[in-house]
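Presented below, as structure tokens, is a lone chain in the form predicted on its own.
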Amino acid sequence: MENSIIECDHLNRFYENRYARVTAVHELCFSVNQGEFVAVVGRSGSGKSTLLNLIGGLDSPSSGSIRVLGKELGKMKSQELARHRRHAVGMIFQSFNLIPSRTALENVELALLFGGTPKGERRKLAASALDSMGLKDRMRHRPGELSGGEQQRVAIARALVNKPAILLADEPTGNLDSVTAEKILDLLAGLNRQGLTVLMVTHDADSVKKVSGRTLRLLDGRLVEDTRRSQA
């Protein structure tokens, strides 16, 4: 499709040992257009996180095709995949994945360091990203001194500081109370309205309905439902 930013064509990922083969995603065929907010839902073990890891270049397909920004991830070498993870996609997780000994500012700066940003620019860009998340007064605090919602906003700032085209969110509200979770969803919706493509994995389909425009439902690694929210 002309505006497709992600294309999966008969995508499979299975894991084998001497006893069995376990299929995590099976024959997935779908595309995502630039600017969409897509919720990926399904029960535990349905393949949601595996799909996100494949799009993010953290895992490789067993067969089939996955293209992101026109590039075939299955054919990329390790250095190409590293560039993909630094610049094409940003990822946030349920557990925040912040370094406890580093301040919020330093955690965001690390993404810029790995992305090759010159030293003189890193602190300015990291501070701007945190400011945009409403954390101007919390930059010098370490993760243990921040609330869960603040930690997730630091993680979002870190994911976005290299200006990726796609944000991949794996259960980003799973460790948050309902009020804070709603604020994070509103934040992600606002980023999407600014043009960012968002794919969010969640087990809570109801909570994400109001912000996502489309839902992909997985069951046992298969895509069983692809629905778009009515604009009426």
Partner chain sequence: MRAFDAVALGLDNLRRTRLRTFLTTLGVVIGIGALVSMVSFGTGMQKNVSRVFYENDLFTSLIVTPRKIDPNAMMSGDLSALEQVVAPKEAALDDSALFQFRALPGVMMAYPQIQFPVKIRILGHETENQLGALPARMGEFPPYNELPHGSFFSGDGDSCLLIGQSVLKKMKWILRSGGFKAISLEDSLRGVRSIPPDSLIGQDAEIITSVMDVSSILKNPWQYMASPGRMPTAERSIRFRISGILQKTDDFHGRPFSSELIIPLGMVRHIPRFGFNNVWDLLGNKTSDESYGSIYVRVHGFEDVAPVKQAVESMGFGVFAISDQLQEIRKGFLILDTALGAVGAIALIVAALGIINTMIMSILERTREIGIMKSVGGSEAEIRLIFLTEAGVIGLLGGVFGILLGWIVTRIANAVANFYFAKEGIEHVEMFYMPLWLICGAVAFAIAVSVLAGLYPAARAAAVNPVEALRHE
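Keep in mind that this is a model prediction, so the values were computed, not measured. Positions refer to the first chain, counted from 1.
If you look for the form predicted in complex with the partner chain, you will not find it shown, but the lines that follow are about it.
- A single residue from the set M133, L146, A111, A88 has any heavy atom within 4.5 angstroms of the partner chain in the model of the complex; that residue is A111.
- Residues placing heavy atoms within 4.5 Å of the partner chain in the model of the complex fall in a single listed stretch, namely 113 to 121, out of 113 to 121, 67 to 75, 146 to 154, 133 to 141.
- The partner chain is not drawn, but in the model of the complex it has a heavy atom within 4.5 Å of S95.
- Looking at A82, you'd find a heavy atom of it within 4.5 angstroms of the partner chain in the model of the complex.
- Although the partner is absent here, L187 sits far enough away that none of its heavy atoms falls within 4.5 Å of the partner chain in the model of the complex.
- Within this chain, L191 is remote from the site of the partner chain in the model of the complex, having no heavy atom within 4.5 Å.
- In the model of the complex, R158 is the single residue of 133 to 158 with at least one heavy atom within 4.5 Å of the partner chain.
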